[in-house]
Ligand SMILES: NC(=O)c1ccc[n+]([C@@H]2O[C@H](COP(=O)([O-])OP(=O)(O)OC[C@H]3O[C@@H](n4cnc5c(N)ncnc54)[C@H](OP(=O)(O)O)[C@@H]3O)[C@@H](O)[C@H]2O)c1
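The chain below stands alone and is given in structure tokens; this is the form predicted alone.
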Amino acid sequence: MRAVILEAIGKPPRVADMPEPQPHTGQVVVELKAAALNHRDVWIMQGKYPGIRTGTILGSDGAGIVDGRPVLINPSLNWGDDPRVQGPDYEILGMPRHGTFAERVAIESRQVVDMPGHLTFEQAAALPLAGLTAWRALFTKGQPRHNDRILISGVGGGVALMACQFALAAGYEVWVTSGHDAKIEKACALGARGGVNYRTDDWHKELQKRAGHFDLIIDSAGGAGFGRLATLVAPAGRIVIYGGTLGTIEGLSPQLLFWRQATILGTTMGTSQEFAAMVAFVGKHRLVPVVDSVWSLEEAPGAFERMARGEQFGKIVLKV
């Protein structure tokens, strides 16, 4: 079967012929129709991820068919018994085990759920990893309350956009940041109240002037800008961070946190229960994940280049 593999660290992924998956007891084979890229795939390609094995089929997100039934794959594997934190056997589909950038994948039957009927395969493939991460960050960790004002940084990425869509569907006031004005405009078209470009000087002061303080801030970047985000948190507010694109956090004033009784919470991925709740929410509200572009499996190297450049608004999807 045709698949996209990590040939070597630092080199673009390669489309190759791979053996058919051989399911073990308790597994099913999903005939994939679409799969979606995540920043995780690019970081693996760049060697910025633990446990990398060359020759592995990449990809965490996938939608396809099992026994005539359209399904989604939950890429969060072996979470463990404690819903607060993943256990020692936890892993994410697509490294070190073979992932979804292929014509077929073998996966435990408990990892597949019915696909929301209003979605196409391409839209559904955009949902799993980003949707699960956003769900846990927003609802499990962030625990928004009635009339909370929410800020989501880096809108345009898959998780940030899903968090934006979830928060809007739940009735919250949402503001965003981005390094691109066009992405802010697109987020406002989805329903966000407004946003600022974090590449401008004193963007945090402009945002505070326009919106005030935020009860919940969801961030994926860290870095020097995190200290500015902390100036925007309201008393008893929460900052949830699910990524570290910009690296080590510097310039964070502890006074901003302890005097305001604020909390910083870390999160990644989520449990099978959270995945089921997320998919049910998407079905109830008929939410449609934002798809940036659709590429063929053979065009995967170009899709990776687009992801690495950060040009996308929404998910980059491979049509299998």
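Residue indices: 1-based, along the sequence shown. All of these numbers come straight from a predicted model, not from anything done at the bench.
From this point on, the text means the form predicted together with this ligand, which you will not see here.
Residues within 4.5 angstroms of this ligand in the predicted complex, judged by any non-hydrogen atom, belong to 34-42 and to none of the other stretches in 272-280, 64-72, 255-263, 34-42. Contact with this ligand in the predicted complex, defined as a heavy atom within 4.5 Å, holds for exactly one of His213, His180, Arg97, His204, namely His180. Of the listed positions (Tyr172, Tyr242, Phe121, Phe166), a single one reaches within 4.5 angstroms of this ligand by any non-hydrogen atom in the predicted complex, namely Tyr242. Residue contact with this ligand in the predicted complex: Leu190 places no heavy atom within 4.5 Å of it. This ligand is not drawn, but in the predicted complex it has no heavy atom within 4.5 Å of Ser293.
Within this chain, Pro12 is remote from the site of this ligand in the predicted complex, having no heavy atom within 4.5 Å. Taking non-hydrogen atoms only, Ala221 approaches this ligand to within 4.5 angstroms in the predicted complex. At a distance of at most 4.5 angstroms from this ligand in the predicted complex, none of the three residues Gly26, Ile57 and Gln111 contributes a non-hydrogen atom. For the stretch 256-290, the set of residues having any non-hydrogen atom within 4.5 angstroms of this ligand in the predicted complex comprises Thr267, Thr268, Met269, in sequence order.
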